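Given as structure tokens, the chain that follows is alone and in the form predicted on its own.
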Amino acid sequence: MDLTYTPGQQAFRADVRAWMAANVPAHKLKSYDTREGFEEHRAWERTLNEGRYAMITWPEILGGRGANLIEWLIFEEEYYRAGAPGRVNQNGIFLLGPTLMEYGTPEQKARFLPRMAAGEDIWAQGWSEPGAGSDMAAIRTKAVRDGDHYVINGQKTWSTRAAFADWCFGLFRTDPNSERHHGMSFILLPLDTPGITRRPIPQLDGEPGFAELFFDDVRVPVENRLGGEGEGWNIAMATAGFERGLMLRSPARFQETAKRLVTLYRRHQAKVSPAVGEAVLKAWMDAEAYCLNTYMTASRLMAGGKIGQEASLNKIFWSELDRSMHETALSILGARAELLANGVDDPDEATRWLKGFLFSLAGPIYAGTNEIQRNVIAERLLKLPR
């Protein structure tokens, strides 16, 4: 594995760095889990699109730059280095976008991807249901064919960004007599369709990062189905592979967190246990290891490989790394951390660590719980008996 960047890759990095320096907002945007912050982040997506940086791996005709995955990793490193805003459309550009590239018709790609890149359509995901959390094979919401439409009835829950998003993608049971992973289809639908009711779900910090979606005789054109009828499970597994194995959590996110953790440790080193120093060192090494593993995955995909069940290993690693780094930061800040967040001594940094810690607690749950991922590893990678 050659880790030396080519002159072309170095020039690309310089271009991204210069663009970020000129365009990243000088002030911090409000949380995208509020209506005002959501629209601020939508405006940032439009700015990225104007620079053709919204999703650089897509073809130019669809709003991208035709970049390869190594260039995407370089872009991500510069993005996090610049402290650019979070991506409010991550469900679209990182999950649905690659899935549309692989399974969408030319008409669907032309219809959805440019608007996604421009931030015109912000996407929510509709996987979980009451009684079917990480076990997507237990999904019961039905989409019954009626001529050129499906009529959807049922409920989704824990739908990320659904409180304010424009569109939703999800799995729906199109064969009412089917069981488990058979008879489901992958359907895209606008969230302002008559018959849809959304009920925001507050997170630990009180902001509505999720929503429940209720479907009462919701009519969706058949042309909004991605792939063939009944093929939804395999398509959804491809989406989950992008989510767990590569796109959702690029290594730059954790490398920047590790750098902040080292800075925090150095500032408080005289007051904390030497054992904390070991935890900081481990966090740094784990972030670098995750980076190298991701570069290896990207190289394998560029050589024609596919993301497989090893994505479950990846998901467990990055979710536990994120939680570990934030726990270490709080151990450095000590019992006064919550007071620091309320306005005493470097409040912004303390608040950031506290909010990050609360979010990191969700990491082992979203994108498929780590318990489910361990089952996948045991049964499909290690071939252990049930």
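All of these numbers come straight from a predicted model, not from anything done at the bench. Each residue number is its position in the shown sequence, starting from 1.
Form predicted together with a small molecule: not shown, discussed below.
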query	finding
Contact assignment for the small molecule in the predicted bound form, among Gln255, Gln309, Thr157, Ser250, heavy atom within 4.5 Å	Thr157
Option touching the small molecule, based on a heavy atom within 4.5 Å in the predicted bound form, out of Pro98, Pro208, Gly133, Pro114	Gly133
Exercise: Gly126 in contact with the small molecule in the predicted bound form, heavy atom 4.5 Å	yes
Asp15, heavy atom within 4.5 angstroms of the small molecule in the predicted bound form	no
Contact of Phe38 with the small molecule in the predicted bound form (heavy atom, 4.5 Å)	no
Distance check, Phe359 to the small molecule in the predicted bound form, heavy atom within 4.5 Å	yes
